[in-house]
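Only one chain is shown below, in structure tokens, and it's the form predicted on its own.
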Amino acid sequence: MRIDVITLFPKMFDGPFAESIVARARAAGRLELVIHDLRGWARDRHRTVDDVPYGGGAGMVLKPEPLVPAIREIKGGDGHVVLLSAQGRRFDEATARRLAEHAHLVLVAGHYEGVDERVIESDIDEELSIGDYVVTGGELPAMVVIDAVARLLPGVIDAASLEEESHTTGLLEGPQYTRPPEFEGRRVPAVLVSGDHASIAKWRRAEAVRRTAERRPDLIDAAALTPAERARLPRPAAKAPVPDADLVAAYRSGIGSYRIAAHFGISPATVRSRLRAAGVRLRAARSTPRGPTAAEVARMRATGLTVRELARHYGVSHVTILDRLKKDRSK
């Protein structure tokens, strides 16, 4: 694999990738990593790459020139271009595995208030974020993506080590132990020293399910669990009822009943019924289709999002997403 990075701060990449697994992958010829200074494509003597945003506001925006010429020159005919941005889809293990299938990645480290939207529309294949927070630039997120992808390349890490890691199967990995068998009065679970490999595998699976349910319950719905494993899951805590005042305030702010329903986890019919009971006069139904267009849904679906992830993203039901996908296929 070849990974090119377009950045304003190329020296940031010197230290992290001179050590550990990525360094070994480069030395073994499994990974070619090339860092490019965006200012090398600047057209003026000051090497300007940013400008103030149209419409006013704080901060600066990366200009289409020199960014577009840089991307097009570097990606060649096979590069998959990824912008690291706080507005991107959240990076996860499934995305890392998908990116690892590409022969050539081009990572663009976003900066300042962002990138001119015309660059995204014309030359970016997808946007990724490493979490719901903001860092000073896209360099650190790019490093995270490189590390997560590089370790998945054939021959970089022993394949057996990748099979039962956290997030590989949709679950967190269970607890691990090593010598000594007892430390400060705490003993290693007896099953792990029993030599019974079937029992060990069963224990590890049960612990992975338990730990995921406790620490990351948001992963449980999509995890591949057996009916028996789901039956043993702890019951989720009951959600606090949504006050009528919150529904009324949201509706009067201009938000529709479908988006309100998606936000509070209740049905649109319940939202409308409670609004009427609270004395709210409902707005006339829109004549235009509700939610995203078929083309928008198809484009986002192509990035790997599931139907339910798309429904949450657009604030509509999964039935609406399926309807849009059906319409797109029928064109």
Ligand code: 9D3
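Throughout, we count residues from 1 along the sequence that is shown. In this text, all values refer to a predicted model and were calculated from it rather than measured experimentally.
Quick note: we don't show the form predicted together with the ligand, though the next part is all about it.
In summary, the region of this chain contacting the ligand in the predicted bound form, judged by heavy atoms within 4.5 Å and restricted to 238-246, 79-87, 251-259, 173-181, corresponds to 79-87. With a 4.5 Å cutoff on heavy atoms, Gly131 counts as touching the ligand in the predicted bound form. The closest non-hydrogen atom of Ser199 lies beyond 4.5 Å of the ligand in the predicted bound form. Within 4.5 Å of any heavy atom of the ligand in the predicted bound form lies no heavy atom of Ala222. Interface residue remark: Ala190 is not counted as part of the site for the ligand in the predicted bound form, having no heavy atom within 4.5 Å. The contact residue chosen from Ala103, Ala206, Ala159, Val135 relative to the ligand in the predicted bound form is Val135, the criterion being a non-hydrogen atom within 4.5 angstroms. No residues of 11-42 lie near the ligand in the predicted bound form, the criterion being any heavy atom within 4.5 Å.
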